[in-house]
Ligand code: HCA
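Next comes just one chain, in structure tokens: the form predicted alone.
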């Protein structure tokens, strides 16, 4: 049986940076799930993702409150079982329910056995007019009453309150709410729900909140509508925010939120090592590949921790990388699990790569002059390839059938010793 979670939380010492991963809540709202008619993560997916997050070192996982559907309630039990299996190996991970300030949401989460509640209430003028219809006084009254009841009846439950759409909420209105709420919670949130924040506005808001509520931790949730989610998260952290919500690959509603591995990668590159305590950084690429496979996707090219970020197509780049990877690879992606580089044959490949591929990978006997001649034929022919063909197949046809190249005899111990094959088709990831 799992240890009592309130007791565990009272003993837990927060790290310099605590990722609150919300792949199974915010991430479940990504339209990418609809591209292949998947629509939702099934229970097996959720259990596997939760296991990977815990092994990666995530200590806080946000899920939907069970009131959302009976299936969410069943799935929570499965995730909880995974968490409990790993307690001895990885220590305690806290499961948090994303919940409205509504008794039904709260009751369902407490009954299910969540460790804490991530409560929210829309505070912007847009939310007040078009969502719940409450004014600031009404928000304060409802939220404070509910939180006081939770604190009285469940004093050790982890509590966070966020004014949803905080960056479209006037600071004076946000203060009116948080002045009443902050004494009742462990954290107050500053969600950029619609992705309008900039690094400057994030720094200003975080500094204002830290000054006004010095004894309450801050939590951020940044959407990527303007492409600022990552930089806004970094700015928030450097301004003193300890808790940041992320998802694997940054998936979420609309353009998504901050990518977990991209955030940690950037902190590593900037040598902010104290914020990386307890995270299994070498598991970054594997967890990205896991999530991408659930979406039937490749790890997208905008994700820093990806094989794409070590893939070379231009001829000048390919030649240099064959001599020294650092020529066009400035960042330590190997420490984040990207252990190989990939050179892709194509119309932009130069003779150096053609020579390397045919001699070192396919073991064909040729000199540099012949490689240059083959390259000219290859470049003229590759643009006409069909979807069923690959550049490697076309190149081998030219080398063997047009130029009649002979294969070298390679002794058995050295066969298949090539680390990175240029003839392989792209794999997921």
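Numbering follows the first chain given and starts at 1. All figures in this text were calculated on a predicted structure; none of them were measured in a lab.
Beyond the structure shown, there is the form predicted together with the ligand, which is absent from this document and is the topic of what follows.
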Tell me, out of 357, 120, 285, 265, which residue has a non-hydrogen atom within 4.5 angstroms of the ligand in the predicted bound form.
120
The single option of 223, 205, 312, 83 touching the ligand in the predicted bound form, heavy atom within 4.5 Å:
223
Does residue 164 make contact with the ligand in the predicted bound form, using a 4.5 Å heavy atom cut-off?
yes
Using the partner position in the predicted bound form, report whether residue 29 sits within 4.5 Å of the ligand, counting heavy atoms only.
yes
Though only this chain appears here, would residue 191 touch the ligand in the predicted bound form if you measure heavy atom gaps against 4.5 Å?
yes
Please determine whether residue 294 contacts the ligand in the predicted bound form, using a 4.5 Å cut-off between heavy atoms.
no
Spot the stretch among 191-199, 72-80, 134-142, 151-159 with residues whose non-hydrogen atoms come within 4.5 Å of the ligand in the predicted bound form.
191-199
Could you list the residues in 93-112 that come within 4.5 Å of the ligand in the predicted bound form, counting only heavy atoms and keeping sequence order?
98
